[in-house]
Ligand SMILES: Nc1ncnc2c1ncn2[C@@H]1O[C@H](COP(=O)(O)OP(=O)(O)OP(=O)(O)O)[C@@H](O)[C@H]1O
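The chain below stands alone and is given as structure tokens, in the form predicted on its own.
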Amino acid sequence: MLIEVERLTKRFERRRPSRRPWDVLTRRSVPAPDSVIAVDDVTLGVGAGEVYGLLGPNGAGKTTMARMLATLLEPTAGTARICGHDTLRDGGAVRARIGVMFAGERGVYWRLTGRENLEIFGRLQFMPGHAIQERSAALLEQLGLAERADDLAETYSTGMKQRLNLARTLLHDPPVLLLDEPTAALDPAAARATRELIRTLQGAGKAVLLTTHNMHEADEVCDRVGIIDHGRLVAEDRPAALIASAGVEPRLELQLHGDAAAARQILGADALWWGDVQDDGGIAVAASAPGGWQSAERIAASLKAAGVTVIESRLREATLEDAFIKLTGSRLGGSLESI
């Protein structure tokens, strides 16, 4: 394993409010400090050629995990190793072997050009000058920035800054990549290109830890997914296996017309009804279809026999989002601030 995490925990202590002079005179009590556990006893591993998705809402602990692996935060408990090097004892060796990209636009210097940004970061990694030039040219071309390479980064759009940030992350060709929301703020075409690049990096043997709250992205590019909720890793497996283990089933979405009472009797109490029956007798409902199309055909035949017309039907396969909701009890959302 190129990334090894064992029982990693991060607790943030809230600061005790300072005691003011009048608090002393009035003997007013000052609340004792409490703590917030951002990452709670997490164990995971990521091997060479593997993309591991850490999936959860904002505030779940994803970014805190990435910061500890990047040696930017010290864990409260537990250990983390990158290519066999402990993140606390061998920070220099760890930093030489990782590429880190955090969400937002502050990963590059705005008053430098795109090319100058890559040059300065290459020098910080002690890369030879010719290697910096070659890698910079290739990455700028690959990420669609070649035509603007000599413009100041402050003139770039948010998506272009994000792509330059990704180029900086990949510049020294590290074996381990920590990508925090890499497609945030990208347009659909750029996001698709970034996902394709991640798959290319996987094929080159990189170990990629990808934090995201994008279900489609996790399902498309990740070999395994860890669902993190309130700092705890509540489930971990391949996306398809997570869906199966959560016990979520395909749903049949129906537009019906006719006898609502008969439809309710056939579809059962677990069906989800969208609003009241319309004036013209129209009914919108979603029903469980555990057998896929076989269940759909059986339900349609039963409705027809009861005199209920199926105007439209669509079978919706179970998704990673369904599994997430089943395992955590909530939809992806969370606070506006990442922990």
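Please read these numbers as outputs of a predicted model, since none were measured by experiment. For every residue, the number given is its place in the sequence shown, counted from 1.
We do not show the form predicted together with this ligand, though everything after this point is about it.
- Contact annotation: Arg95 falls outside 4.5 Å of this ligand in the model of the complex, judged by heavy atom distances.
- A residue is said to contact a partner when one of its heavy atoms sits within 4.5 Å of a partner heavy atom; Ala271 fails this definition for this ligand in the model of the complex, lying far away.
- This ligand is not drawn, but in the model of the complex it has no heavy atom within 4.5 Å of Ser313.
- Although the partner is absent here, Ser302 lies well away from this ligand in the model of the complex, with no heavy atom inside 4.5 Å.
- Scanning Thr309, Ser295, Thr43, Asn58 against this ligand in the model of the complex with a 4.5 Å heavy atom cut-off leaves one residue, Asn58.
- Judged against this ligand in the model of the complex with a 4.5 angstroms heavy atom cut-off, the residues Tyr52, Thr183 and Asp237 are out of contact without exception.
- Along 209-241, a single residue, His213, places a heavy atom within 4.5 Å of this ligand in the model of the complex.
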